[in-house]
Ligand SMILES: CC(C)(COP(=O)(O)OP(=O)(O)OC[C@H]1O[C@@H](n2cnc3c(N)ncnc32)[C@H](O)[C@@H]1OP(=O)(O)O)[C@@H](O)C(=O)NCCC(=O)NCCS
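Here you get one chain, nothing else, as structure tokens; it is the form predicted alone.
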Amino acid sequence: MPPGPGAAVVELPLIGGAELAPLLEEEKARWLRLLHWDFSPLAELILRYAAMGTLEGFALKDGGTVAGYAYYVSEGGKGLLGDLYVLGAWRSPAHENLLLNAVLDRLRSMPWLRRVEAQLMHLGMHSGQIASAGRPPAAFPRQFMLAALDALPATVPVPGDLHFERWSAYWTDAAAEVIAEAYEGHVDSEINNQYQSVAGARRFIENIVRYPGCGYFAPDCTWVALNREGCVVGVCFASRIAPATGHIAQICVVPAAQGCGAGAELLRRSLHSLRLSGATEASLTVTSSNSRAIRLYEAFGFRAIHHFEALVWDPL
């Protein structure tokens, strides 16, 4: 659908929560139908900020209808496109580009920003259809995978010098070091530059623990792997995204401990814990080029149910 004669991009702070609510209702239904994800906590947060006029971004209005929206946040020298959603009746590359370009133009006006990241689960267009001024984004195909939790292996062979413990905030600094080491030179550190430093990885962990972007953090389903010396060599963070659905928000193992079953046992323990807590299924996301991780997930019954792209503008 080309932009209609009445379609216009307006500042999100000018849109009240009541105007945005019908769009978010459709978005919530799509998240639940497509990804088994209850988007309600995030939608409520978005509405709260919209009602206060502090949600930074743009809305697509056609007559009296808010047909789409996109919001962003800035963090240090990076901009994050938090969400971009267009109602199904208006969804088209033309309308999505209107919103995307409005956000990018705004972010480019901030001289302290050098990079923009986006993982837009419901973007209808692919990267080749993005018609933005300036540098085109780097695009990284990703998969959203889902597995039933009714047939998990009872054990996974692991070396006897490894042991496993449930999450405690005590492990935060060590887990950040694990993430930074595990993702050094990895494609995922190109998608999320928080993985490129220990300080960034710590912020990543804090976001998982404190905010509902990856669901509600489940410390009882989150595990760490430790070696003989008691050093953390692997982590698996879990959350709840719906009453019956868990989510693996992060799993990684340092290179020296890879290939021995540590990752598989971390995953097994988190999935088993999710099942004991009442979940019947679990999801995760993975970069499509990460074939080693995909083989592990498929061995646990995960199957791709949705494909999307991570987009990075660097430099902006």
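Just count from 1 along the sequence shown to find any residue number. In this text, all values refer to a predicted model and were calculated from it rather than measured experimentally.
Quick note: we don't show the form predicted in complex with this ligand, though the next part is all about it.
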Mark Pro157 yes when one of its heavy atoms lies within 4.5 Å of a heavy atom of this ligand in the model of the complex, and no otherwise. yes
Indicate whether Gln258 is a 4.5 Å heavy atom neighbour of this ligand in the model of the complex. yes
Taking this ligand as it sits in the model of the complex, is Ser283 near enough to touch it, meaning that at least one heavy atom pair lies within 4.5 angstroms? no
According to a 4.5 angstroms non-hydrogen atom cut-off, is Gly68 in contact with this ligand in the model of the complex? no
This ligand is absent from this chain, but in the model of the complex, do Ala182, Ala264 and Arg292 each have a non-hydrogen atom within 4.5 Å of it? yes
Consider the chain as shown here, without its partner, and state which of Leu55, Leu35, Cys252, Ala43 has a heavy atom within 4.5 Å of this ligand in the model of the complex. Cys252
By the heavy atom within 4.5 Å rule, which residue out of Gly230, Gly88, Pro153, Pro243 makes contact with this ligand in the model of the complex? Pro153
Spot the stretch among 126-134, 186-194, 102-110, 168-176 with residues whose non-hydrogen atoms come within 4.5 Å of this ligand in the model of the complex. 186-194
